[in-house]
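The same protein chain appears twice below, in two forms, each given on its own as structure tokens and labelled structure 1 and structure 2.
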Structure 1
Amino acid sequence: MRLNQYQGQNQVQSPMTSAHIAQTMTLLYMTSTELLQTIDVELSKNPALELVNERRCPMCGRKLPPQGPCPICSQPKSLDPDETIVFVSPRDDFYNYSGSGKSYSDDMPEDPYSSTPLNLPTYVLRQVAPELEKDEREIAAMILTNLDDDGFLAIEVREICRFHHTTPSKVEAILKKIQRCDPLGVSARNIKEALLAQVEFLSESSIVPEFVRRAISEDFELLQKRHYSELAKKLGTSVQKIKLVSHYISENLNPFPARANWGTFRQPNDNTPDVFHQPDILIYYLDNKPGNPLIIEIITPSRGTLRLNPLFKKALKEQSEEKQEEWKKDLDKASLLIKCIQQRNNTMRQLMEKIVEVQKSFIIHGDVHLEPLTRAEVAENLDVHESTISRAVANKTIQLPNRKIIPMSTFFDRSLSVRAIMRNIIENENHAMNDTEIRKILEKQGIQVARRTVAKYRAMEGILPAHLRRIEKFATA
């Protein structure tokens, strides 16, 4: 039964329905490890809930062999090589079985896949350090640790001078070098300075429209308010040229440098795990042979089979009326937990069936083949609310056939295929191309993105800007 179908039940059942939906939503948001902890807590405090030491398939209920998945649910239903098998598996399979009968821990890569985020000061300092003397690096470090969330310098230059016993001209020279790092304009003191730093850098490799510098430095407020006629009159030019200036700025410049990056380098998302060790879902080939059907094994954290305690149910009948009322609450809670876990398993299975249907090429062939997919589209297809899909995707990780572990949200990352293509362009470049040149190549391939979007994607991939790639290539030549 799908989640939204509970909403159609009558008013008498609505309290139970509300509890069922609320708890299912809570369980959906949890990872396998978190769900196991929740089950352990409930087992410790609810006598009506019992864990039987037997292995049963969470889908069909059959008793399972000591190791391995359900021999029925894990097998293809036909001889079609394009068929995908999706099933729910008990937690012990996570450790003892990964499609080959081996211990999962035995096959774990020595170098686990990591998503360790950089903060903005470290990211920029790594770029500018080779261009600075030792004492200048200390000044740069002070500058970068005093940036606000937009990437602007939050202290006065004279404070830096006083602390390091140096001259304003030396600090200004270091600021200029930092502002040429990625993201362009970082450490500027205001929007105008950030934009002008970006224009100066871009003008070295591309044509900047006439009046861009003057529009920013002299009458930027008029440009922001789109008072094109008044600005054109002040600068002695046509409205058409001012509109061209506005278009160039919106497509190529970023008034808030730190926002050019993925999330924020200054405040990375603490909810994202830094290293993925135990995936919630395993994807592999049948018999571990590429070309065979894909197996999608959804891990459910069960060391046995959850059920209502029969001794508790029997003893309930022998209690006083007051005690019966109290014991029934425990029984209802245990029953609700079991049903909600079943509902969670069913929702995860439906979700993975849809994801693999759309993203099979990505799973097999890599990033370039990722198809555009939104949570809203999946929700509509499964006839559930979008928030249900969001909770099911949140915090989950998936191990691909190549044993790479990725966040489940990657399947909905519309930028990933473009980033993969861009990465390939840069890997095969004859010279260190700037972001404008990369944008033009992407455009020839039918991919329309702004220059600042290229800069953002490049930052996400950890690729240095062109001038630093040139230095790097020269140093290794």
Structure 2
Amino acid sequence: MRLNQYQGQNQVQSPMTSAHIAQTMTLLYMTSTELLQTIDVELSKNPALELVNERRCPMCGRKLPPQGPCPICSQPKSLDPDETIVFVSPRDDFYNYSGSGKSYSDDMPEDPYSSTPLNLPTYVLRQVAPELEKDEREIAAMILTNLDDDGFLAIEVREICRFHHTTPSKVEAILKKIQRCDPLGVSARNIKEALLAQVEFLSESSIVPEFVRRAISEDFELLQKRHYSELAKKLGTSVQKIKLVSHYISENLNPFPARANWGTFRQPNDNTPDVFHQPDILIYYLDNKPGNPLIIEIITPSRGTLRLNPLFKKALKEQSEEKQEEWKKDLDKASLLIKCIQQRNNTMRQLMEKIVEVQKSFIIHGDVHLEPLTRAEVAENLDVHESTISRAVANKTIQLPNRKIIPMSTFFDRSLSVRAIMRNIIENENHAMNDTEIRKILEKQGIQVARRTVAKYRAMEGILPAHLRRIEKFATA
């Protein structure tokens, strides 16, 4: 077994065990929110683990003030825009964001969240209020105060009816209206409902590929399980089409309405509350001024410092032999967890350093500038195993300087930039170009793709074929 795959700076000294490897992998795979839960669980069942009320920098170990990241590790040395600071930031309050509207900004004016401390219920209520009668507003308020972290309705419609002495149909009508408000799909009862609300809305202003709606409403189960062939049969279409449908959904729709700024269709404005669901990594300019150095903040959950409980250690020595054995197990588990969390932070930091090095232009200037990058490349560069990178990237989300939250895997999307360029070409075309022509233009720009591929990219972007665009864009004379 390759053990050197976990070597980095801050190397843990003790020998690697297979348990260590297994746990590092599992932790790496988790988002910061999940990691927090894991830590809580461990704390509650392992007496050897202790949380002390003292914050330390996960990178350098210095003691920290009660708020914010390490002032030394997180500060750039200069205002040189070429400089990039990557640091691990211990956040002790991020899990309180959902619904509560708690603002991180109180002591940190330059914090990226600081703009609007508006909470989700208020934000949405303001939007629907004008459309509602007085009594309806109260129902809306009840709905909005009963949303869960992801923006789903966490209460039965029946209960709302009982409370307000009204009928389900009336409540449903209000729900429908709320779902059309800004975090599109908010107050849905499940993912399916949220997605449908979004499709509904999108289809009014843009073209939604066929079968998207039906796939969600009729066979969402199959879609989730990725049983594409079965789904294709049921809807009477090809597997190919279904894959595109699936792709469209993952690119354009947000299954969790309260995870703000997810995906591309939602354009955040100044009044948009930024964070209801925490991304794992934040990228922003120093002081939020474009042109300043980029700051990469890797969030790690912590409400203090995790350490081995000294009292437990002491008590261990006073135990009988057989009990010692048992206690020792807890102790080992605890120290393992601590080491693994360090390892996780370390890997995430190295990964981000590499990503920013390659994709800085994409982060600043957008889709067109995404460089081709594979996980394998990064893995080789950092001298870790490929699967380590895969796990580190999976399920993580990143907030870009423009406040959009994107999946981390976007940095490894092979076709994103080509698709963006292709979109531009088609937008600026002065006659409806067919796929072969588009292919030629791309080739002129140094991008070699097959004609067939152009067709696929078009489909992914929901762009119609040439003969139909001709009718849409260029009124036939």
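Under this definition, the rigid core comprises the largest set of C-alpha atoms superposing within 1.5 Å between the forms. Numbering for residues begins at 1 and runs along the sequence of structure 1. Computed from a predicted structure; not experimentally measured.
The chain as displayed in structure 1 is taken from the form predicted on its own. Core-superposed comparison between structure 1 and structure 2: the Cα of Cys70 travels less than 2 Å. Once the cores line up, the CA of Pro209 ends up 2 angstroms or more apart between structure 1 and structure 2.
Superposition of the core reveals a Cα shift of less than 2 Å for Pro372 between structure 1 and structure 2. If you overlay the core, the Cα of Ala450 moves by 3.3 Å between structure 1 and structure 2. Relative to the superposed core, His431 has its Cα moved 4.6 Å between structure 1 and structure 2.
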